[in-house]
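Quick setup: one chain, the form predicted alone, written in structure tokens, and binding and motion questions come after.
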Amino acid sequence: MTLIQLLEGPLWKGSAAIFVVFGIWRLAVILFTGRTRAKAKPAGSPFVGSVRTILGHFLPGAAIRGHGKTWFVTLAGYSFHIGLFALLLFAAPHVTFIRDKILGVGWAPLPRWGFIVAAEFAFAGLLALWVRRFVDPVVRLISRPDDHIAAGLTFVVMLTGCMALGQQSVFLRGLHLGLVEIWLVYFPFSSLMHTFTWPLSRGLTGAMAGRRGTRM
């Protein structure tokens, strides 16, 4: 078995299994442990409060819209997350990999120019947010090593993915896939889990506010 066969076979399956099993475990812990039933009569609707908070916080609140830093973080965040989403699901090699290794079905990939645009947005947003962790004194103080590891690992995964786009180099393809597998193993145990937990935390906060009859 060659190295690329090992990466595309047992190591891929093992890393994907860790990602799925421990990701579900983390979500289950959040959903089913540590909760106590509220005894007071609700003053409002927890459901309405939850939905309102999840949907209403996609843009900055009125109280902070006038701050330049607010829009910097908002635009950088959208640039990175939308760009990365487009790369993950619509880059031509990813569409092929998803069809052949995961779902058995594919869809139309991005054209090359679309990949380049999405990659530029993703890199610009990630680097802007990562640099902010070093230069903003407050964000630097609350940043943990995990935040930098997650950002750095995501960066090298994206970088090697762009380098391997042509798929002519087996070495680059193997390097990218190996880093992706490390990223998948690290994902459930890191701040990267916010990909799945943000609706839960935001929804719970909104539900608590809705129950009290207040707005977030």
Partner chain sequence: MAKSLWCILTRFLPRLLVMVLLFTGAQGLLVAPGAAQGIATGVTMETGPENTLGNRSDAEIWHDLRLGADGIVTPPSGPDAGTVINANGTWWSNMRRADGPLVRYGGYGLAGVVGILLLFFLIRGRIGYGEDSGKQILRFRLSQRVVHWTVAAIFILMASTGLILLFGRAYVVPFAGKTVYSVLATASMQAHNLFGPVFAVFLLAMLFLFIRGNIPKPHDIWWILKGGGFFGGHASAGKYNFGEKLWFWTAILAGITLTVTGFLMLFPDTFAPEVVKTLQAQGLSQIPPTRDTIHYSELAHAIAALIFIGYALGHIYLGTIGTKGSLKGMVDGKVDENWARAHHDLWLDLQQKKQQETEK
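The structure presented is a predicted model; accordingly, all values stated were derived computationally and were not measured. Positions refer to the first chain, counted from 1.
Below, we turn to the form predicted together with its partner chain, even though it does not appear here.
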Check for me: heavy atom within 4.5 Å of its partner chain in the predicted bound form, for each of 131, 134 and 169, yes or no. yes
Does residue 98 reach its partner chain in the predicted bound form, with heavy atoms at most 4.5 Å apart? no
Can you tell me if residue 72 lies within 4.5 angstroms of its partner chain in the predicted bound form, counting non-hydrogen atoms only? yes
Would you check, heavy atoms only and a 4.5 Å threshold, whether residue 51 touches its partner chain in the predicted bound form? no
So in the predicted bound form, is its partner chain close enough to residue 162 to count as touching (4.5 Å, heavy atoms)? yes
Specify the contacting stretch among 88 to 96, 141 to 149, 118 to 126, 101 to 109, defined as having any heavy atom within 4.5 Å of its partner chain in the predicted bound form. 118 to 126
